[in-house]
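Heads up, the chain below is alone and in the form predicted alone; it's given as structure tokens.
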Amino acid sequence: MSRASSPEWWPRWRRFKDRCATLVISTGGGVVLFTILMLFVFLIYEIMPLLRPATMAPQPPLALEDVGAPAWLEAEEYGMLTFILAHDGTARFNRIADGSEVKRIRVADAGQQLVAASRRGDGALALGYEDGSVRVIRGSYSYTIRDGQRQVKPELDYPWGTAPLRFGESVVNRLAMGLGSELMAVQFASGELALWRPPVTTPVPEEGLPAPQPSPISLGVQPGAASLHLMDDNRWLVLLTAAGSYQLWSLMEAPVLAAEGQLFSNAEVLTASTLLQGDLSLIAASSAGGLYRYLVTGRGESGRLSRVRSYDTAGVVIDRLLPEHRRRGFLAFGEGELQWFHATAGERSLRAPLALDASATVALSPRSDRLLLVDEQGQVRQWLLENAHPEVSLTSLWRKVWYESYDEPAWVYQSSAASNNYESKYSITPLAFGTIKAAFYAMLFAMPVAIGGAIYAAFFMAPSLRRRIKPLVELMEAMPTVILGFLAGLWMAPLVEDNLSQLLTLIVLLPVGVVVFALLWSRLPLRLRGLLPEGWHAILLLPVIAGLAWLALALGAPVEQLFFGGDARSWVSTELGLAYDQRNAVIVGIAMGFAVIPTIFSIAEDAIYSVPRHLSQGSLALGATPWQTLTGVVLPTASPGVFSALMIGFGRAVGETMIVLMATGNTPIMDFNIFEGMRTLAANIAVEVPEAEVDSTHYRILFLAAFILFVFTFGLNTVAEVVRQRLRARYGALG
């Protein structure tokens, strides 16, 4: 129908359809952008609690009768009871809600006075008396539910028996209780230092009589201790003096003095010390406002006390330390204020005014959610605490940290372990490094294959052959990556391990063989070369590649014997110093390369094929060779599309999950070794999501990993688009 004969309503109908299409497309794009924005906001929402500072809220004080400055103070698990131990040996359990007394027990003989106390993570409390005797008690609680309310019944146990243990007549100066109540260290006012193990109460089967009680192991007269600490599952004894010196005793076999030294420099003296949960870290404060973390490094008699971290107290001199029960955190008191630190994160999460008298006693609840203080007037003050994720900081996430039982600082990601004393390690750096490593090796394999194939298919290949080859390559993209990962992990990884020399031989033979074949082909008479239609030359390479693969397999054993001493894997380990894992970066690069190749090939081939024919034909007409035309005209014009193909392929490699999950060892290590594996951000999320407790630090760290992956891919795509637009502006005029 001609324009003149068109109905009058036709232009209006066409404009209406254009507007509807514009509205639908714009709405769809807006919905996509809104969804991405909401995803971004949701990830931020889940991550924000990691950055939330600690809080401290005062509660009404408790009015308890007949309570002076106690020798010991504890809080029960659920914040229902307090356990107060007076110097005269009276143990009292009181309700925190109203201060009423629940139970009172005597843990001292008539006339005995408590002078020292030490508690360990299993709840055992060692009590030292002025007459030189020691008793070990443990508070225990039984719970019942009545009328929908939790009821608690307190008791006292005596793990070492009810009778006090006597070491001598001298007053107990300091004592330390070992983890598990399996060892006790005591120093008397005379300076004598001794070790004591729990009494054996099981009968001897032959005679039916109690076994003889072991005698304490004397370590001789030592300098007066300001504090004693049994560390690392009772393997080490640390004696600290007020002057800041220390003795480190190895207890692995016969007790031996392993090291002596000074904690501080510049004549600083010790003002406070404590062990953190797990008994592997020692925190010590100095008179100059220093606050430091120490670990025992070395083994046996070569052990030493090493300073691994310092904490910023803003110049405040700390005179009291209080460790958390279940985390590597601690409270530091000094100069009328409270500071809350986490040993691993290294940052202060709370600073608040709180004055302590010299005789005041403080206690932290097992869940670190309640702080109790009994002053010299006997008043019990309390605060509710909240510090959900103190172990997370920029230091612990991205920098090297000197973790317990490590010989040096390291980037470590390990979210869980079987031991209760385990210290969670949430370094994101090895995961980010593993993501880049996996994508790099995948692109190293995929990029030359995909781009080379796209160039040949679009510029050199015969159209009839191209119509058959391109759909086959694009069909590879439909293959589930879980299948590729399965084949890579269970079939290709052992195959490569058993035929490592054959693979190395093929890597050398393949490019050399193809070049030699091309050279020989070019030397054939034109009459013979003309028998093959133009653009079908790639078919000739199929038998060549197959023959080279067969030759590599045949030469693998002689090559391995000649160059690698008969074992290529051992040669890699011994001569190159590279560890070899069966599932490594080679396997990931090949498997993930196959997943990425179709994407890069398809986009790049379309970009090259879309270059206007008059450009290439004009170049050829002016005397340029096909190769000069390709490099000087076609590729620059298609460079925006080729670059987009590479960036999209790289983005897919970064976000790939199943292949890296199944074809690597999933070990979060910082090593670019091609023969070792890695763990990526995406694989880590897939592995650990099922075991993450909702709202835990581990749970939110996984959201942080997802956020980092999201930001990385978003930033990568943004940079790619900027570069693509500049390439288009530069070379667009050629079209």
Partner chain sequence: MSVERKSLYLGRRGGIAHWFRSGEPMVWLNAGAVSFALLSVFGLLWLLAWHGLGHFWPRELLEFSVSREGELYTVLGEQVSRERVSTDQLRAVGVRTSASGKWELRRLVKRGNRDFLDTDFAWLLDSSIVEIRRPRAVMRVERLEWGNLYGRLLGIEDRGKPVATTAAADEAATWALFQALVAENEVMRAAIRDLEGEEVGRINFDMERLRLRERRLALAGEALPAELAERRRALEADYEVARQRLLTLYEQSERYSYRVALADGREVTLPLGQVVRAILPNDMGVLSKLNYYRVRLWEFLSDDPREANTEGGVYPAIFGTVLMVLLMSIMVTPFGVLAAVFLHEVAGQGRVTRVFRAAVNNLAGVPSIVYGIFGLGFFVYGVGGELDRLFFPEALPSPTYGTPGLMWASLTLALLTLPVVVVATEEGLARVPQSIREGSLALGATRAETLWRVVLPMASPAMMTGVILAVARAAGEVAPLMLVGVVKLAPTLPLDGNFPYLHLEQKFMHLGFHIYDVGFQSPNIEAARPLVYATALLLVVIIALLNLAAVALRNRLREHYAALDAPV
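Numbering follows the first chain given and starts at 1. Note that the structure is predicted; figures quoted are calculated from it, not measured. C-alpha atoms forming the largest set that superposes within 1.5 Å between two forms make up the rigid core.
In what follows, reference is made to the form predicted together with its partner chain, a form of this protein that is not presented.
J.: Flag this candidate site as yes only if 32, 511 and 658 all have a heavy atom within 4.5 Å of its partner chain in the predicted complex; otherwise mark no.
T.: Looking in the predicted complex, the three residues 32, 511 and 658 all sit within 4.5 Å of its partner chain (heavy atoms).
J.: Please determine whether residue 106 contacts its partner chain in the predicted complex, using a 4.5 Å cut-off between heavy atoms.
T.: So residue 106 does not count as contacting its partner chain.
J.: Can residue 171 be called a contact residue for its partner chain in the predicted complex at 4.5 Å between heavy atoms?
T.: No, no contact at 4.5 Å.
J.: Should residue 358 be counted as a contact of its partner chain in the predicted complex, where contact means heavy atoms within 4.5 Å?
T.: Answer no; every heavy atom of residue 358 is more than 4.5 Å from its partner chain in the predicted complex.
J.: Please check if residue 14 has a heavy atom lying within 4.5 Å of any heavy atom of its partner chain in the predicted complex.
T.: So residue 14 counts as contacting its partner chain.
J.: Taking 4.5 angstroms as the heavy atom distance cut-off, pick the stretch from 280 to 288, 611 to 619, 317 to 325, 235 to 243 that is near its partner chain in the predicted complex.
T.: Heavy atoms within 4.5 Å of its partner chain in the predicted complex occur in 611 to 619.
J.: Which listed residue (219, 115, 449, 410) meets the criterion of a heavy atom within 4.5 Å of its partner chain in the predicted complex?
T.: Contact check passes for 449.
J.: Only one of 521, 188, 580, 571 comes within 4.5 Å of its partner chain in the predicted complex by heavy atoms, so just point that one out.
T.: The option sitting close enough to the partner is 521.
J.: Heavy atom within 4.5 Å of its partner chain in the predicted complex: which residues of 458 to 479 meet that condition, in order?
T.: In sequence order, 458, 459, 460, 461, 462, 463, 469, 472, 474, 475, 476, 478, 479 come within 4.5 Å of the partner.
J.: With a threshold of 2 Å on the C-alpha, tell me if residue 535 counts as moved between this form and the one not shown once the core is superposed.
T.: Shift of 2 Å or more: yes.
J.: After fitting the rigid core, is the C-alpha of residue 409 off by 2 Å or more between this form and the one not shown?
T.: No; residue 409 is a residue whose C-alpha shifts by less than 2 Å between this form and the one not shown when the cores are overlaid.
J.: Please say whether, between this form and the one not shown, the C-alpha of residue 672 moves by 2 Å or more once the core is aligned.
T.: Shift of 2 Å or more: no.
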